[in-house]
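In structure tokens, the next block holds one chain alone, the form predicted alone.
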Amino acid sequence: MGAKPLILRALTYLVLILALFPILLPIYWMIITAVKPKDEVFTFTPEWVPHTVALSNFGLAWNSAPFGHYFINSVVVTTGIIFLQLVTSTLAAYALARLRFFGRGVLFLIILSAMILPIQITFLANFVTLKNFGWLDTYQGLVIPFAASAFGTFLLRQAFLAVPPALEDAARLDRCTGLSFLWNFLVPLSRPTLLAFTLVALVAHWNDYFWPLIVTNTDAVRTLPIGLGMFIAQEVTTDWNLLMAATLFVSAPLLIAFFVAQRYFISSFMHSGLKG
């Protein structure tokens, strides 16, 4: 390898590092603030490395509010939403990609239009409906309004269209048709796309604040973002080390999930639009 390619590669890495710096700096500052003693949080000059690591901040923050209950609620709600969205989006995408029926194109355009409209315009109608059902301040009220996803349907449809028709013809010879073909061929071949959609849905609904704020009134079903907001509101003295520790309770699971599955996340978006 000559000198010119090495220089170009070094410049590329330098540009990437400079681009990542404003993104990673707040995360780093949040982490080190979470492990600082209170007297080291505000100093005359910024302390980029804490002199004392106070891991007890996490225990103090965890016990200052029912974060354990909030965490369980977030897991239940997010898991329920993702499961329902995977089921409904997979079935809808299969019908739009592999079946032939009247109005298929119009139905797909309607789904695309649902991606354009902001979800907030549906909140009033959903709130009134849930109130009539008696589902306010319940898990059903947090999960059911998000049981289907237009984005997930679109993404999986593109992945299913990328599977060659010859494979379906070969499977039909072995009497593997319909939902059997979907489960045994389309789903395994579209695993990166399914995982990418799962990560997108995980981030969206794990961090969701506005809808849980509207439909929950008690700690019994409040999720982590709502619990974090209430914890901040009750912190009269503003112990920033405890606030950053509490913030890590919300952000750490998402960071871990992304770093574990990032290669599938990236590859799925590279291939999702090859055929449409």
Partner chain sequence: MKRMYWLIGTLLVLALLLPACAPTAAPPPAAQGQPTAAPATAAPSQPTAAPAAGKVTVTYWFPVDLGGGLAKVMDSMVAKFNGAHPNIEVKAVYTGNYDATLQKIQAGQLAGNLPDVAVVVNEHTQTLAPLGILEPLDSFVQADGGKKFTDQYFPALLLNSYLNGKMYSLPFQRSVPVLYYNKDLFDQAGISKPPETWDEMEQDAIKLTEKQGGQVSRWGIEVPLEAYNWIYYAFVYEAGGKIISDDLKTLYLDQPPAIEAMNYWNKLVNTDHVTAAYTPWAQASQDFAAQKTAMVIYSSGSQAFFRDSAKFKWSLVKIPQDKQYGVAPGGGKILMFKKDAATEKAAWEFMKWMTSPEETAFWSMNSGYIAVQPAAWDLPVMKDYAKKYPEVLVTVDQLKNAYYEPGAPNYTKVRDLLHDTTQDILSGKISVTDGLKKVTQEGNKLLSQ
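Take the two forms, superpose them, and find the largest set of C-alpha atoms that agree within 1.5 Å; that set is the rigid core. Numbering follows the first chain given and starts at 1. Not measured: the values here are computed from a predicted model.
Beyond the structure shown, there is the form predicted together with the partner chain, which is absent from this document and is the topic of what follows.
- Proximity of F210 to the partner chain in the model of the complex falls within the 4.5 Å heavy atom cutoff.
- Although the partner is absent here, A97 lies well away from the partner chain in the model of the complex, with no heavy atom inside 4.5 Å.
- Taking non-hydrogen atoms only, F231 approaches the partner chain to within 4.5 angstroms in the model of the complex.
- Although the partner is absent here, F151 lies well away from the partner chain in the model of the complex, with no heavy atom inside 4.5 Å.
- Listed residues V106, V128, I121, I116 were compared with the partner chain in the model of the complex; V128 is the one with a heavy atom within 4.5 Å.
- Residue L179 is the only one of I110, V203, L179, I72 with a heavy atom lying within 4.5 Å of the partner chain in the model of the complex.
- Here the chain stands alone, but in the model of the complex its contact with the partner chain, taken as any heavy atom within 4.5 Å, falls in 170-178 among 195-203, 170-178, 74-82, 151-159.
- Contacts with the partner chain in the model of the complex, taken as any heavy atom within 4.5 Å, map within 189-227 to Y209, F210, L213, I214, V215, T216, N217, R222, I226.
- Once both forms are overlaid on the rigid core, the distance between the two CA positions of E47 between the shown form and the other one is 2 angstroms or more.
- The Cα position of S64 differs by 2 Å or more between the shown form and the other one after fitting on the rigid core.
- Relative to the superposed core, L243 undergoes a Cα shift of 2 Å or more between the shown form and the other one.
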